[in-house]
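Next up is one chain by itself, shown in structure tokens, the form predicted alone.
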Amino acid sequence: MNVLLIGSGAREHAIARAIDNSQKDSAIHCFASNMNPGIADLCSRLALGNINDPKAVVEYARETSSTMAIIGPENPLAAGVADALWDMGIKVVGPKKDLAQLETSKAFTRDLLKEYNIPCGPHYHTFDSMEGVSEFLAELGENYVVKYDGLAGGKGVRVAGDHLQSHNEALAYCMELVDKGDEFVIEEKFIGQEFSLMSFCDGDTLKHMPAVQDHKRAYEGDRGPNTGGMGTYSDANHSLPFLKDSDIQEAHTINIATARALKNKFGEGYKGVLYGGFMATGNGVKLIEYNARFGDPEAMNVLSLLKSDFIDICERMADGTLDGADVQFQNKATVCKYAVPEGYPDNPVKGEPINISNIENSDGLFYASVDMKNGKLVEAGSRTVAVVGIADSIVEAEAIAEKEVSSVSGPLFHRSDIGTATVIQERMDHMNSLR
């Protein structure tokens, strides 16, 4: 089987490893935006090009005689790459453009939940001008969130108290969006603990993955600007220390109801990874947002634990036969930490060499925004490399991840607090105070 992998970050490196670990005979052909040496080592062929151009992707798929495609990032989904591949008879793991609106439009998702009575959404309004903005902010008081209605790499959301310290600052951000001709959503702010729960989906059947907690803020103590994600952890029981069994069950129920709503609305099923970003609150589980693909870093956590055959799962998602899959994960804890360029995310250094020769476990290393120049590995401007520690407990996995990420040298930094006992206890105490 010729498998087309679209994308070239750490998430796609994790996907390439999962394909390579399959019992099924396959060759990986990657269509990438930068030269990722970790992916290149696993590929029959890696070509650089515009991964958001359906014509370019289709041409590469034809050249490589690919029979199945796995789309890593969100932008190709928004551009209709999945539609173009299906049109030429290639099976795709990744939803078509209409169904990918679940990620590409915050307003679409909120409206979908409302239309199908899926009770996990906030009080919200959508705006394309400043008319009514001040009044709605006054109604919400100090608990509000402003979300740009489109893809912004995890950086289009501004939260009261974190990024916005007053209604005046909120109005200024809204004005900025209006001046650019953008729509935006203002919604009630949930108070609680965030977690990610991803599900394999074939349009009807869902198979759920372990819950993961991401850390979006750049600096320790959850300070600084939002990023694509500085690191993540998961627990050996596939839940998280601050969650109840009922929280996991609610998240499963919401993902199932959302997949059903999409099929009802569009007359065809969502095929791919359905990624719910949830908030456990004192009043049940709420949906913050949906993503239409594997999370990054979350993919590294869950795919590192996957016991079942990944290609088999992918084929079943595309064919609509996922109900027959036995999807299993190891009962281990994971901690993933990113090393990122100095200055990231606002003014990252680029082109500087990094040294990974002191990494002890190469299977736990994932290349992200890197390039090769004159035979040297260099930073390409975004999150650089990720490492994953796997152990029986989060604290043990954290020690492994911290040691490994600290051994990477170059103009880089990472968050040493992710997965530590202190941080986990803070999250448990916070949830206990809300219940």
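For every residue, the number given is its place in the sequence shown, counted from 1. Source: prediction; values computed, not measured.
Just so you know, the form predicted together with a small molecule exists too; it's not on screen, but the next bit is about it.
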{"query": "4.5 Å heavy atom contact, F190 to the small molecule in the model of the complex", "finding": "yes"}
{"query": "Distance check, K106 to the small molecule in the model of the complex, heavy atom within 4.5 Å", "finding": "yes"}
{"query": "Partner proximity in the model of the complex: R260 to the small molecule, non-hydrogen atom cutoff 4.5 Å", "finding": "no"}
{"query": "Any non-hydrogen atom of I354 within 4.5 angstroms of the small molecule in the model of the complex", "finding": "no"}
{"query": "Stretch in contact in the model of the complex with the small molecule, which is absent here, among 325 to 333, 157 to 165, 311 to 319, 133 to 141 (heavy atoms within 4.5 Å)", "finding": "157 to 165"}
{"query": "Proximity to the small molecule in the model of the complex, single hit among K207, K216, H252, H238 (heavy atom within 4.5 Å)", "finding": "K216"}
{"query": "Residue (of V349, M279, L306, L112) lying close to the small molecule in the model of the complex, criterion heavy atoms within 4.5 Å", "finding": "M279"}
